[in-house]
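In structure tokens, the next block holds one chain alone, the form predicted on its own.
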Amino acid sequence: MTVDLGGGFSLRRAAADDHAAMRMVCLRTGDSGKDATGREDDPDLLGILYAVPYQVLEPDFAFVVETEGGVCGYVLGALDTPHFNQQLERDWFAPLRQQVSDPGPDQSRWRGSDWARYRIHHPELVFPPALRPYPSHGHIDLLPEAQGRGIGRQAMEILMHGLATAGSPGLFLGVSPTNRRARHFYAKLGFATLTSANLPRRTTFMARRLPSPVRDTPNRGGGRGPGRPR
């Protein structure tokens, strides 16, 4: 599957050969959509946490955006979040803990990528009642050269269409509260902010229902696409 996004950009399913590029994209958008390279002492950990496991565990909903110069973004999703979280804990984080040391809970002692190392040992795999009408989740990262071209909108519509076709009734996203651009982008795609006492406060959750795939043919129209909000 390859979709022409226009302007020399295309979207296709991610493959194992894309893992290094996915880690690079995740790092360069890892600070609420901005480059996190200067913040991290291990350039691979963000992608290991937030990108690569989707290609491994949910390959049907993992796509990369590429141009002549190579991969410049991705859009990732999970059909059934509780099931994905179980797989992530059992098949992804458990083996990683044998390779990565736990820096402990004292954040004053954390340096570089210690926050990511801590997340490997203590992942926040939550699915509170407010999210149950929206069993799927997703996120998107685009490098600057792929932003502002309507690529983000097209990629998200393809992901939503795929999830709806697979039977999902709804999709949610976790957004950094400081990332106004991402929240605006998702609002234009029909996502609304969820408010509930049982939702974690450090993340803004946005969600939308997914229409029947018969009525939800992807629109390859314009729009703006931010890097992955965190």
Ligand SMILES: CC(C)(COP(=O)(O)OP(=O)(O)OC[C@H]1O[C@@H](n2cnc3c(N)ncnc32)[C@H](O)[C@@H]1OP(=O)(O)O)[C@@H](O)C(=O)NCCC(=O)NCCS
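Numbering starts at 1 and runs along the sequence shown. Keep in mind that what you see is a predicted model, and the values were worked out from it rather than measured.
A second form of this protein, the form predicted in complex with this ligand, is not displayed here; the remarks below concern that form.
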### Task
Heavy atom within 4.5 Å of this ligand in the predicted bound form: which of 63, 50, 205, 186 fits that? Just give me the one.
186
### Location of this ligand contact in the predicted bound form, chosen stretch of 127 to 135, 80 to 88, 151 to 159, 110 to 118 [non-hydrogen atom, 4.5 Å]
151 to 159
### Message
Can you tell me if residue 146 lies within 4.5 angstroms of this ligand in the predicted bound form, counting non-hydrogen atoms only?
### Response
yes
### Message
Can you tell me whether residue 43 touches this ligand? I mean in the predicted bound form, with a 4.5 angstroms heavy atom cut-off.
### Response
no
### Task
Flag residue 55 as yes or no: does it have a non-hydrogen atom within 4.5 angstroms of any non-hydrogen atom of this ligand in the predicted bound form?
no
### Close approach of residue 174 to this ligand in the predicted bound form, 4.5 Å, heavy atom
yes
### Task
Could you run down 166 to 183 and flag each residue that has a heavy atom within 4.5 Å of this ligand in the predicted bound form?
174, 175, 179, 181, 182
